[in-house]
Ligand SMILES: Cc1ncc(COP(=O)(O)O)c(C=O)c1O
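Next up: just one chain, as structure tokens, the form predicted alone.
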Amino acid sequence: MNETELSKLYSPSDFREIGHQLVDMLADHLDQTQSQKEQAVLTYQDPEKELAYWKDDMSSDSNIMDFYKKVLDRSIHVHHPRYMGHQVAVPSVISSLSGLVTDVLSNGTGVYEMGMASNALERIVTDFVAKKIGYESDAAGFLTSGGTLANLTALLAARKAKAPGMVWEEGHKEKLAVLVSEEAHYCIDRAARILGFGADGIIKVPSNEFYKIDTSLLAAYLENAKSKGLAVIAVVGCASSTSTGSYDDLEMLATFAEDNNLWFHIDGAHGGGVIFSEKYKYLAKGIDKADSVAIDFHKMLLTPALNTALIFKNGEDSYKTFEQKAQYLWDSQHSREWYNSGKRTFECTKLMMSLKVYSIIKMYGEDIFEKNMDRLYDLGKVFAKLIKERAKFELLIDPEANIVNFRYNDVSSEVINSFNSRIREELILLGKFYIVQTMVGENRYLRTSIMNPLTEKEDFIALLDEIQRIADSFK
């Protein structure tokens, strides 16, 4: 490749020409996906066949627009009103366009001069979240790449604050542990293992009949851990759980943590967004008493993945976690500089996440998150009511959030799990709807996460009708 070919990589005219075509293609995609409900949510392909398809594409002479069209056609469509699967946001158009800006600029925001605008905007966004949580002015936080990384960072802060000695410098001198609900997201277990706590260091407390952590068992589990020589440093609350959407009793957990000198972290990756809702914020009552809170903007807050806020009640705690020297980045490891985010996160070359969030607020106002949360949680209740009206369907629990678990139950107990799995497999192959499944104890349930505010009651009715049709065809 010569100099002329390299300069072609940065051609403004190519950017304008291809960009216009691509925006038109994506706009058409959004229009068709949202308005033509009979169009497939996904066209499922066997993994090996999909790999072979793209290997062939590598050697083909198709142009770049053909390539983009293929990607659209062979990807799942989260903007489709009948996408009700994984907990992935349906991104607002403005946040997606902001992603184009951030990709062109490619400012890694770990140090201030590499991301002046984005670091300032991140401060505004995180202060906004801290205020909604109910924290005072000394709270502080940052954005990071997903709930898994946010929860890991929070537990690192807990270790720094509660573990005896200087773990960061000297390593572990005691066997550390955390208390968490058995319904917690797997990333809490993973984080504890990454931190070197081992299998014994993840103390999973059983849930009650509503799939919330059973707070009556906390004291006994703590004492049992101590008797085994474990130093418990933290308790983690779910707001909400991933499988069922149930909210732990955060006030009770806060009291328990304070009484036992434990760090209290809340994994609000999915449901922490209720802090923006007057109607549903009661579900997270007590969230302001946590030492740290993680909330994903890329769940129900209209932002493309990955984009997570980690907020600390005491802003000082956010700086202590990663105190180390990096002379080429900053002069002192001990100075508290909100504008150098690399001092507080795993990422140094961190994406310009703040632009995607700020642009939503800038264009639609601070209450847009409330409107979306209310819509999705209201839809959860609508769907649950429809399920209860059908004798051949069984609802797990009345949902607190937008996560609804149910199953087809007009079959024998011996085959009910496999029967519902077959229903889900057939739904995926047909592509008209996208839902997932989960195991609750020994029972398999069909699981929906209602993520699209454009989903309507009629879409739920159509889903139940389709499941009934599939079930009838199996008999």
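Numbers follow the displayed sequence, beginning with 1. A quick note: this is a predicted structure, and the numbers were derived from the prediction, not measured.
The same protein also has a form predicted in complex with the ligand, omitted here; what follows describes it.
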For this session: Sort through Met252, Ala163, Ile76, Leu306 and report the residue having a heavy atom within 4.5 Å of the ligand in the predicted bound form.
Result: Leu306
Problem set entry | One residue of Ile360, Ala158, Cys187, Ala130 in contact with the ligand, assessed in the predicted bound form (non-hydrogen atom, 4.5 angstroms) | Cys187
Exercise. So in the predicted bound form, does any heavy atom of His270 sit within 4.5 Å of the ligand?
Worked result: yes
Problem set entry | Interface membership of Gly115, the ligand in the predicted bound form, 4.5 Å heavy atom rule | no
For this session: May I ask you to check whether Lys313 falls inside a 4.5 Å heavy atom distance of the ligand in the predicted bound form?
Result: no
Problem set entry | Non-hydrogen atom contact Gly146 with the ligand in the predicted bound form at 4.5 angstroms | yes
Exercise. Can you say which of 202 to 210, 291 to 299, 95 to 103, 347 to 355 gets within 4.5 Å of the ligand in the predicted bound form, counting heavy atoms only?
Worked result: 291 to 299
